[in-house]
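One chain comes next, on its own, written out as structure tokens in the form predicted alone.
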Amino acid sequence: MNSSASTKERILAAAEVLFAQRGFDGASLRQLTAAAEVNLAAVNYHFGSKDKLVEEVFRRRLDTLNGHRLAALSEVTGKPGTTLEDVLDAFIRPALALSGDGTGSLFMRVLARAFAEHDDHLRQFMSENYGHVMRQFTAEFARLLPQLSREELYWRIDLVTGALTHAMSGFGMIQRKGGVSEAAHREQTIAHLIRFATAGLSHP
């Protein structure tokens, strides 16, 4: 990795930690430069502004996550034998894989902050860059759940997304037991989430 790329990666890694701990408004550029061991000029050179830095923190994780989600969704979309569980697996599994990759759970706390703080700039960024992902999943959910009105479907998808975000953050009551591998715990979580979400989405 060249020096410029290494500096950018250090800034992004430090920003992710600070945003998870302090939120977007609570994390100052002074704290960031100290944590990343860079000067303010380096932050401005690579990102231009704090808003752009926030965007790159999200892009760094979500581009990969949503690439995996769309690839999995493409395997089942529109097929006669596709079940609700198949679509939920495409939505849930890549997200939990990210949360278990060592630093992914930290990003999940950043994501939870984004939901909690209602940042208008970030909301617009997410809509413009990743809204197409949710539209594709929503279309497939709608195909499989024709009895639901559009409004009711949106409510249920929002609640499923909230449950997934909570599970990914690691704050829940259910923690991995000693002697249970990370992979086994992740599979248990996926199975429980899919059963829960299937019941919630398909309820009359």
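Just so we're clear, the structure is a prediction, and the values are computed from it rather than from any experiment. The first residue of the shown sequence is 1; numbering continues from there.
This protein has a second form, the form predicted in complex with another copy of the chain, left out of what is shown; the following refers to that one.
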Full three-residue contact with another copy of the chain in the predicted complex, heavy atom 4.5 Å, for 151, 166 and 196:
yes
Give a yes/no on whether residue 116 approaches another copy of the chain to within 4.5 Å in the predicted complex, heavy atoms considered.
yes
At the 4.5 Å heavy atom threshold, is residue 93 in contact with another copy of the chain in the predicted complex?
no
Would residue 156 sit within 4.5 Å of another copy of the chain in the predicted complex, counting heavy atoms only?
yes
So, residue 177 and another copy of the chain: in the predicted complex, are they within 4.5 Å at any heavy atom pair?
yes
Out of 71-79, 85-93, 107-115, 129-137, where are the residues with a heavy atom within 4.5 Å of another copy of the chain in the predicted complex?
107-115
